[in-house]
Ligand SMILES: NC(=O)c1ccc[n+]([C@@H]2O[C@H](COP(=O)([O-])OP(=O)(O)OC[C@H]3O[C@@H](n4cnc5c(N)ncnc54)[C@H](O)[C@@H]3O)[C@@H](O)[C@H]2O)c1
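Form predicted alone, single chain, as structure tokens, below.
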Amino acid sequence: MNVTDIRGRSRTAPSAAQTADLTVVGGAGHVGVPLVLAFASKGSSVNVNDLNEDTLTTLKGGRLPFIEHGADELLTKALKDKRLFFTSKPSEISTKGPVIITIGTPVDKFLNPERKVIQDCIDALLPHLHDGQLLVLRSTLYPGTTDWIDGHIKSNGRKLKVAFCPERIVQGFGIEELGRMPQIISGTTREAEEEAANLFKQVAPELVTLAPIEAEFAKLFNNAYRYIEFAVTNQFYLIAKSAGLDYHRILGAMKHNYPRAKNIPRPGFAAGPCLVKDTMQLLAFASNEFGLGNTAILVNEGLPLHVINALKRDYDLTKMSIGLLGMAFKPEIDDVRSSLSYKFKKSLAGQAREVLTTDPFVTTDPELLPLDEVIARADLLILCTPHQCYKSADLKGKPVADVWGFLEKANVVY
């Protein structure tokens, strides 16, 4: 719609999306959706800006593109209250309120940070941002990236308030955790920090303030520490196995009424889009002198190969059909990003007669088969993801490799 300003000039009136209280770029993704719905539930109008028009259509239709517990009701209400606007172009972002970017800095095959990904995103947004607007970086950043982005924006003659406020949610439970977890706040200026704090206090119960590079390290340290925890218990598992012992029995005794051991995780396949990537970013920053991180990667990424090699000692896999139970990277979700189940599938492809895969949640893999068919056709099963449904499934007495110690009544052979 064209309107006439006070000088008689014709101009295009801003759309409702362009006057929303805030914009979330990448708002239809795993990081964006919980944040969008959290702000909408507090009364804010949100511009959901994402290049993936299919997921935007899904959300606009009142459906979630992936599992996010507690989100369905919030999405329905937000749509009913007309608090969500769906856009796919940089030119359609809101110029009224803060813009939150949920794109992080990945690492390449040489463990170097790929800052160009986020730089390209910001360069596309810059012509449509106004000076003084708050720009919040949300996903994992390589140390120093926030200040680097601030300098890049200034070098283009622009004056934005730049903040880094990392997400720290568990996949699938973002709605619940946003409402009870402290939010780390950082800004390149006092004004950016204060405006970011005012923004996030709407959805977070507590704020913790750091300098940008401190906040970047806090996010990386959290994820790397968790990844190392998994590596420790996986290494213990392998040591116990080599001694012919049941690690799960030992772990149970270690943790029983002993508070200092309560947080030791059970062994399993540590995967997903964050833990290993963030450990790699620390490794890159430390010039490959982060020995604990490097070892953790070797242990966790090597565990599937260890299982396959152990099975080869007892079975002729070339004559067997192998069934993989669970393809998501963790239980009770549908996200397959960086799932080690697919490492199993790829490694077994040249060693087994055939590899069959199943998962009750994943809908994006056309090669998945029904559980009953996989059990019937497989000579050997590998529990890759401990979905609850497998605990009660009738595995027909088939031998199963279960690193997790999850299938107590199954014919566990490894």
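For every residue, the number given is its place in the sequence shown, counted from 1. It should be emphasised that the depicted structure is a prediction, and the values quoted were computed from it without experimental measurement.
What comes next is about the form predicted in complex with this ligand, which is not displayed.
Within 4.5 Å of any heavy atom of this ligand in the predicted complex lies no heavy atom of residue 363.
In the predicted complex, this ligand sits beyond 4.5 Å of every heavy atom of residue 216. Contact check for residue 104: a non-hydrogen atom falls within 4.5 Å of this ligand in the predicted complex. Taking the partner from the other structure, this ligand in the predicted complex has a heavy atom within 4.5 Å of a heavy atom of residue 28. In summary, the region of this chain contacting this ligand in the predicted complex, judged by heavy atoms within 4.5 Å and restricted to 385 to 393, 43 to 51, 341 to 349, 371 to 379, corresponds to 43 to 51. Taking 169, 336, 129, 308 one by one, only a single residue has any non-hydrogen atom within 4.5 Å of this ligand in the predicted complex, and it is 169.
This chain is displayed alone, yet in the predicted complex one of 235, 188, 140, 183 has a heavy atom within 4.5 Å of this ligand; that residue is 140.
In this stretch, 346 to 368, not one residue has a heavy atom within 4.5 Å of this ligand in the predicted complex; the partner itself is omitted from this view.
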